[in-house]
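Take a look at this single chain in structure tokens; it is the form predicted on its own.
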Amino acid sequence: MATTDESDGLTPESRSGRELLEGVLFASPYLIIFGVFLLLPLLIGGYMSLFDWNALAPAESTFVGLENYAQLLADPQFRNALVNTVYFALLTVPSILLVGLGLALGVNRDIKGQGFLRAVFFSPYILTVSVAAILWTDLYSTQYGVINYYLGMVMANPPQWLQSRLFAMPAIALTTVWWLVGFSFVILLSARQSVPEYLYEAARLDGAGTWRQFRDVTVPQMRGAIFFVIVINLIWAFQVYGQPYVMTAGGPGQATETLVMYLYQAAFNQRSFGYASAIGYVLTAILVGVSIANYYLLGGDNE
């Protein structure tokens, strides 16, 4: 015989069902938005990637199976865009993590102007990508740029940053680090401030120096935040579009063309929507794989 609680007159089973219903109703706005704006387009994109898609007459699209994916493997422009994107991620993600961590640990100290420094370090992040890209394009200018003006005092031939295949991508990466590091800085600073001070006191009593405190206390305690910063910046890096589009338009000679730029060209310049969907799915698979690898390498469960 089922027992009832005198407070609400419900059996444990009824109460559990009501709590489940309340939970579903509470999460339903998010579930609806997630389904309509993320899950549904994802499924449609996967379906389109199996067709030679006709956007004007979808019913006349031709089923090609995995042919779009096979074509990607033999496409030199896709490989070039993939290599450029990975190169950009390697330049930016470690830099943003190290610079953000350094700024967070530095500002966390008892120094004057702490609030001002936090505002200064975070302020580039509030700019739009177009503003940040145009600003740095002017700084890199070989005619009136400040950078080459000062380099010209010590060098006979300063680099032509955005016109050089060697320097264009690092120049875009530097712009990105300056622009995005503020977000990671705030996350890491918050994580550092949540580390209990008694852990440092205990470490000092054990004779631990600054480096050992950083290695054995700071990094393990901030592991969750570090994992988040790496993953979110990897996602941003593999989705990079605005900076190379504004600063170099993918040049010189496709040296800064990224996967998303190539996807856009395939979809809206070449009208190959099925092929573009296949590029998008490969990009998604890369991001999921890299995120899972990071989770296990860094112990994202923070245990």
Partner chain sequence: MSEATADQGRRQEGVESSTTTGFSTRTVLVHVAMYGAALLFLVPYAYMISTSLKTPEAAVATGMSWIPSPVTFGSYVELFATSQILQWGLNTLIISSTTTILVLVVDSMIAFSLTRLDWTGQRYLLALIVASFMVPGFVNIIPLYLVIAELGLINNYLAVILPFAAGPLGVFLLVQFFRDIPYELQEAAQLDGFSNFRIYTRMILPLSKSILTALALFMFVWSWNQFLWPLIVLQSEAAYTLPIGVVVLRDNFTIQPALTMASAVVASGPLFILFLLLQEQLMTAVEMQGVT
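Here the structure is a predicted model, which is why all the values come from computation and not from measurement. The term rigid core refers to the most C-alpha atoms you can superpose between the two forms while keeping them within 1.5 Å. Residue numbers count along the first chain shown, from 1.
One more form of this protein, predicted together with its partner chain, exists but is not displayed; see below.
In short, of 179-187, 164-172, 90-98, 69-77 it is 179-187 that has heavy atoms within 4.5 Å of its partner chain in the model of the complex. This chain is displayed alone, yet in the model of the complex one of Val120, Leu199, Val83, Val219 has a heavy atom within 4.5 Å of its partner chain; that residue is Val120. For the chain shown alone, Ser130 is a contact residue for its partner chain in the model of the complex, at least one non-hydrogen atom being within 4.5 angstroms. Not displayed here, its partner chain is approached by Gln239 to within 4.5 Å at the level of heavy atoms in the model of the complex. Among residues of the shown chain, Val231 is not one whose heavy atoms approach its partner chain to within 4.5 Å in the model of the complex. Contact check for Pro41: a heavy atom falls within 4.5 Å of its partner chain in the model of the complex.
Of the residues in 132-152, those that come within 4.5 Å of its partner chain in the model of the complex through at least one heavy atom are, in sequence order, Ile134, Leu135, Trp136, Thr137, Asp138, Leu139, Gln143, Tyr144, Val146, Tyr149, Tyr150. The two forms, fitted on the rigid core, differ between the shown form and the other one by less than 2 Å at the CA of Val282.
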